[in-house]
Every structure is written in structure tokens, then in C-alpha cells.
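Single chain ahead, written as C-alpha cells, the form predicted alone.
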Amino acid sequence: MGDTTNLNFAGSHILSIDQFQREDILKIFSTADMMEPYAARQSQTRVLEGAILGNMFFESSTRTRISFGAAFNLLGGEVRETSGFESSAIVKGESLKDTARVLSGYSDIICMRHPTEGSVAEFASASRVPVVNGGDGHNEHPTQALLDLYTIQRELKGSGGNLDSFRIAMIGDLKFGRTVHSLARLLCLFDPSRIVLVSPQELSMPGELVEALKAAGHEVVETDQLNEGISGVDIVYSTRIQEERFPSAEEADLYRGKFRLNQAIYTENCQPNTVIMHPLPRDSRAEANELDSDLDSNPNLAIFRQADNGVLVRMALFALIFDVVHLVDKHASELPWRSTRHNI
């Protein structure tokens, strides 16, 4: 997937997992480790002071939008935001390329989410500054995949595991879920693992991604049985039904709540240290309840650690794109205030 040349991060767009080689991923992760003191508010760095991030989200987002903004702020930069079509010139008929030409004059880097597949790449083709894909339709969400794999690495490390040869079950809407699409592409860069795809047949993983995983040497199992699928894996990765990608809410309702995980099902089918992940938001409505609240006290529920890791990974990407990794600590200082953050 992609070429065999390592990515030159400095000034680059980040649009697809296909840009990366294994060494690139490990470089991002080691850089993310460096960012932990700043994300934890143990100290501050102003390495990107004066730089402006344009956060352009033409599709609803909470975690991704705020995570990108927080990551940039934590490196000392400033953030300007556009949310929704109604607040942009696009509603007046302006093309994506014209929007890119204008707004890239106001920013030093742009993060963009758009509901149409390929739209972020089209925007980037006319941008004068680097563009990071925050999700384009049901196509890709590369930074989510990076933070997912980074979370897997950190969680496996606690039990002596690593990214080469582990077992994962991806559950739910694998047809429209761009997070699992990008994660599948990313897994192709690592040594063979066992990958169990749990979904209704109508929402199965796209065939080209299944074939790519197999071509990379992974053992791939497809099933519509939850209990069987989560048995004997290291990671359970649950996803929500992507209602916004269905023709109607009624069609989405046909699949909602089909693969609920609660503590009883976990205890019966999972190993005691199986990690539970979800890209969020988890649908906690009674008719869905993908991850039951009775899992909240389970120490293997990693969904909030996963969200925190998103800030680290996005800080790492910004530092790499601006080519300031070697300067981050040189621009560090003590915080003039005391953090009152609490553990979850």
C-alpha cells in the first residue's frame, strides 16, 4: 500500500494512511511519547507560538475538532475555526479549491473534515499550507487510526505484548466506519496478526480492505456472531452504526443494538485482560447501548485513554509537519498555575 519511501513530514499534507511506512508510524509514536509532559500539563512549550491552525469542519465533530485545537494550543499555536457549511462561503457556491486558496492564506496549517469522499484531497491540491484529513465521508480518518494503533501499542505494552502479532476483533458497522477502514490499512504495515471482523453481512468490511489484510499475511476471520468473535482476542474494537451514512434513520435502525457489549458478555467470552476500545462517541441510547455503562468500572475499558492519546498523536504530527521536534523542549517552561486534572 503506497510507495516504499519514508515520508518527509516537513510541510507535508496528511491525507491517507497509504502515505506511511512502518518506520513513519514508529516515528510518530516516539514523538507522541515526547509530548506527554505537555499534554499532562506538567510543563508548557511555546514552540509553535505565532502559528495559526485553521480548523475547518464541514461535518459535525466534537472530539476530533477539539483534540486538534487542543494539540495545537499545547504547542503554543493559535486556532481559528469554521464549523458547518452554513457558516462558510461554500453555501454561496464557492468551490473547495477557491476556499483552499483563500483560507490557506490565513493559516499555517489546516485540519479539515468533510462529508464527501476525496474532498479533503481536492482541497489540499489547492492549499498553500499543509492540510490534515480529519475525516472525508466514509473513506478515511487517518489520525484516528494513528491514535488507535498508538493506544493498542500502549495497552499491549502493559501485558508484555507489541504491535507485531496480536489479536483484534473489529465490531459493528465495518462498511461505513472510516475509523476501521484506516486502521485496517495501518495494520497492513505490521507483522501478521489475527483480525476478526464482526458485523452483519450487509455492513461487512469492504472487500478490497479484507484482501489487503490477507495479502499482508494477516489471518482474517469474518463472522456475524459477537460471542464467537470476541473470544480469545487481545483487543475488542467496537464501532457505532454510522447513521449519517445511511439513506434513512429507519434503515440504520435495522442494525442498531445488534452487537451490544456488557460486563456479563465480556466476562463470559473475553480473556481477563482483553482491552475494550471505541473511537467515540459511543451510542448509549437504550436502543443501541453499544458499550454498556456497567463496563465503566472495568479497568480494561480504554476508550477515554484512547481519546487522551489523540492529543499526543496530533501534537506529534504538528511537530513533525512544522519540523520542530528537536525544538519542543528548548521552548519549554514551567506552568505559572497548578493543574487540577483528575484521573478518570
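Not measured: the values here are computed from a predicted model. Numbering starts at 1 and follows the sequence shown.
Keep in mind the form predicted in complex with a small molecule is missing from the figure; the text below concerns it.
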Answer yes if any heavy atom of residue 179 is within 4.5 Å of a heavy atom of the small molecule in the predicted complex; otherwise answer no.
yes
Close approach of residue 199 to the small molecule in the predicted complex, 4.5 Å, heavy atom
no
Going by a heavy atom distance of 4.5 Å, is residue 37 a contact of the small molecule in the predicted complex?
no
Hey, in the predicted complex, is residue 279 touching the small molecule, heavy atoms inside 4.5 Å?
yes
The small molecule in the predicted complex: contacted by all of 63, 113 and 240, heavy atom 4.5 Å:
yes
Would you mind picking the one in 151, 127, 144, 107 that has a heavy atom within 4.5 Å of the small molecule in the predicted complex?
144
Thinking of the small molecule in the predicted complex, which stretch from 96-104, 185-193, 136-144, 263-271 has heavy atoms inside 4.5 Å of it?
136-144
